[in-house]
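Below, in structure tokens: the form predicted on its own, a single chain.
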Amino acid sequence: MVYHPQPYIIDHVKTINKEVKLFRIKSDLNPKPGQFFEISMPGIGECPLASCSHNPHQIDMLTRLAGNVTTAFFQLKKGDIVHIRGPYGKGFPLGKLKNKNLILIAGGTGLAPITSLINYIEQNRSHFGNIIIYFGFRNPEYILLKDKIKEWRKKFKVTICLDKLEGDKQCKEGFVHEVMNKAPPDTAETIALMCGPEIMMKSVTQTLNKLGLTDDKIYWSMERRMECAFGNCGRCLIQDVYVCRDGPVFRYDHIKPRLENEETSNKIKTH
């Protein structure tokens, strides 16, 4: 395990919107889809970021402005040095996905680890069945990775779900689970994998359950809970598992009872 951050050169920076940038970094680390890194800014701190690519020569990091570390990271440009340690965590279960139909779901910057999985699927297309993709965003302004989505539409069935449609005829209005309910996807021989706000993943999971997909065929990436990557700080602890060490990807039937116990404990504490 890598304990010390190493320097890497930023090869490209793309501004997506006022809150999100995509950093491309020269690296041969090539993390597994669903793994994450720790970005270190000397004198400021560090934060976890999921890999947004599967490439032996570079790492893409989709970064949302959300604190002191990302504020400093946003000031960096092409040619600057960024310090990284990792990759960490258990990614998506690639062996169990082989020859299966897949439903991929992401909300907001939860798009990052799903993108790394899509990249892997593109590179190994013959290993997988039908691919159905759902992305959820607030409105057209917040659609991320538009160029990639344009290319994915040529290869897979991609549905963009917007809270507010605002005249975008290529998208569907409503939350992801609402759009799914209106036009249910086929779930035969299918595994679903998702990343985004937990309330979104819970709603989508309930919809998939109604469509016949059981919890053991559903995987959650809980990358939003990641912290130190070692399991030392305890901030990502859910009952007896650490998201950064035992995840961030979990089969839902494994993590569900722990989340339910956590929710019950929190309710007791607030009363």
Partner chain sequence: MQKIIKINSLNEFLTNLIKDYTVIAPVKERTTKFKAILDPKQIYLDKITKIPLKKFFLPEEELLLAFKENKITEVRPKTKPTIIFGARKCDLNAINVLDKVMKDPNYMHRRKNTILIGMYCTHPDKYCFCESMELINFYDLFFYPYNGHYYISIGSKKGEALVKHLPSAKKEITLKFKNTKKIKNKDIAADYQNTIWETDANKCLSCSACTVVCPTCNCFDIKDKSLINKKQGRRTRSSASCQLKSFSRVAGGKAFRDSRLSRFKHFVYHKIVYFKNRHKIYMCVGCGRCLRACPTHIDWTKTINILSKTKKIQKK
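As the structure is a prediction and not an experimental result, all values here were calculated from the model. Residue numbers count along the first chain shown, from 1.
Omitted here: the form predicted together with the partner chain. The next part is about that form.
- Between the options Leu29, Met61, Leu237, Leu213, the residue in contact with the partner chain in the predicted complex by a heavy atom within 4.5 angstroms is Leu237.
- In the predicted complex, no residue of the candidate spot (Asn119, Asn124 and Asp186) has a heavy atom lying within 4.5 Å of the partner chain.
- Figure note: of the listed segments 241-249, 51-59, 204-212, 29-37, the one touching the partner chain in the predicted complex, with heavy atoms no more than 4.5 Å away, is 241-249.
- The closest non-hydrogen atom of Asn261 lies within 4.5 Å of the partner chain in the predicted complex.
- In the predicted complex, Glu198 approaches the partner chain with a heavy atom inside 4.5 Å.
- Heavy atoms of Lys148 never reach within 4.5 Å of the partner chain in the predicted complex, leaving it off the interface.
- Although the partner is absent here, His83 sits close enough that one of its heavy atoms falls within 4.5 Å of the partner chain in the predicted complex.
- For the partner-free chain shown, Ser40, Met41, Pro42, Gly43, Ile44, Gly45, Glu46, Ala66 of 33-66 come within 4.5 angstroms of the partner chain in the predicted complex, judged by any non-hydrogen atom.
- In the predicted complex, the CA atoms of Ile44 and Arg225 draw together by 3 angstroms or more relative to this form.
- CA of Arg224 to CA of Asp240: closer by 3 Å or more in the predicted complex than in the shown form.
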